[in-house]
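First, one chain by itself: the form predicted alone, in structure tokens.
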């Protein structure tokens, strides 16, 4: 393998073995689509996988659908930019919500036989609430898929010298091929394959990087040097929660309240409990018991992923700091403006460590993550478009074959729209910052709606609808009058008044507070409007949709240690132990 230093990074020349690995992977994923095409006979088969998936398969797909570009590139970038505190996106920012959705919320989704999250909102509230959520969710999935497409095209452009636009088109074509043929089932089986590829491709990177910096103690010492150079105390890059007293104490620029309330509660529960992208995988399970175990199965590897995806980013910034002080060595590439391009930390590290053959495996793992994210979002988009928009408002009463064809058309449109969204992602040097901002606008107010809808029977359709509008408006206003430090007015904020009424320490801190304001506004507006309006549905219509009116679910698992409640407690204890260990 040869590497030629470019102005913005490292150019890699792949060997014959590397190309063979890539070609075999592409052929295999498309082949899965062809193989599963024979099982797709109805719209439900294509869009919902016929509710026939085993719990462990759905569990890995539940995890892998979220293990896209935002994980491998975004979390690696955040590991370099913010340090080990990024692990809270997996621990505090995922595990409690995954336990909650498995124990409490899956029975409502699965038991109601709703085909999507917006359809649940129709059953619980009314049509206008469903329409509003369907439209906002469709936009969010396109943006998320676009982030994956952008990250992959950028990777291929920087590392391999491929044309950005060609790379964008090629990645979209491969995902389109297998999702168009096999639908959700093809996406799920490819997501399971992609999970194992990601672990096999990135675990060696983490181990090689850790060895190169002198083990964990050597990494801590080097990152303490990074912290000192940035004006932080020692441990700012290597502890998970110790430096949260003030926003100025850590590189993420957040304090304990915004971390716990913004990430740990609003963004976390808002994503894992209401995002149809992941809920769809649980709803594909073959029974209620299996569906409840899906997020709990996914939570176990989720807790350990920081050591695979965040650790390489921490190694990259440690090596970059050493190179800056010594004049030689590995450096994270810079963008066109000369600033550190954190999105390229992990890809550049692949080129630094991996020889031919292993490099092909590493690049395949990266591409698998991008395609996993793209396919997950596109399959969620085509379901919501077909059932919640097209069938409900444009062409109701058509045959199942008609909606199957529309689902396939929506898949094509979703890929094309994602390509357009990919260009918007180029404005951010850390795609995780962009994704958290999108989630703050969409998922944060939606979680308030679900929380009240499932646990307060007095909440009304009018309350839910105006609550969602109020939450989204609050997010827009907050973003429009604030800016991260050093940012200019525009895509990162301040656009409402042409300046910043308040400056946050980082983009992430701004996103956390945007989510808090959105959740608070939606919750308050929903309560107030619900109290001022009449209930539209009687108790009988809400059975299976509201917790107090639904009989307690008796899990079908024959063993006590397989019960969701017990598994949830064990998982939460394990999460708390990890936070304490790296406190």
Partner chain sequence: MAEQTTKPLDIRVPMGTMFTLYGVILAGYGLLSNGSPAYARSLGINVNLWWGSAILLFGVALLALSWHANRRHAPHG
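Numbering follows the first chain given and starts at 1. Only a predicted model underlies this, so the values are computations on that prediction, with no experimental measurement involved.
The same protein also exists as the form predicted together with the partner chain; that form is not shown, yet it is the one meant from here on.
A.B. asks: Any idea which of 53-61, 541-549, 514-522, 527-535 reaches within 4.5 Å of the partner chain in the predicted bound form, heavy atoms considered?
C.D. replies: Single hit among the candidates: 53-61.
A.B. asks: Please run the contact check for residue 351 against the partner chain in the predicted bound form: heavy atoms, 4.5 angstroms, yes or no?
C.D. replies: Flag for residue 351 set to yes.
A.B. asks: Would residue 569 show up as a contact with the partner chain in the predicted bound form if we use heavy atoms at 4.5 Å?
C.D. replies: Residue-level check for residue 569: no, no contact with the partner chain.
A.B. asks: Hey, in the predicted bound form, does residue 575 get a heavy atom within 4.5 angstroms of the partner chain?
C.D. replies: Outside the cut-off, so no.
A.B. asks: Would residue 192 sit within 4.5 Å of the partner chain in the predicted bound form, counting heavy atoms only?
C.D. replies: Close contact exists here: in the predicted bound form, residue 192 approaches the partner chain to within 4.5 Å, heavy atoms only.
A.B. asks: Using a 4.5 Å heavy atom cut-off, which residue among 197, 134, 174, 226 comes into contact with the partner chain in the predicted bound form?
C.D. replies: Comparing distances to the partner chain in the predicted bound form, the residue within 4.5 Å is 197.
A.B. asks: Which of these residues, 500, 361, 220, 297, gets a heavy atom within 4.5 Å of the partner chain in the predicted bound form?
C.D. replies: Of the candidates 500, 361, 220, 297, 361 is the one lying within 4.5 Å of the partner chain in the predicted bound form.
A.B. asks: Scan 518-547 and note down the residues that get a heavy atom within 4.5 Å of the partner chain in the predicted bound form; none is a fine answer too.
C.D. replies: Result: empty, none.
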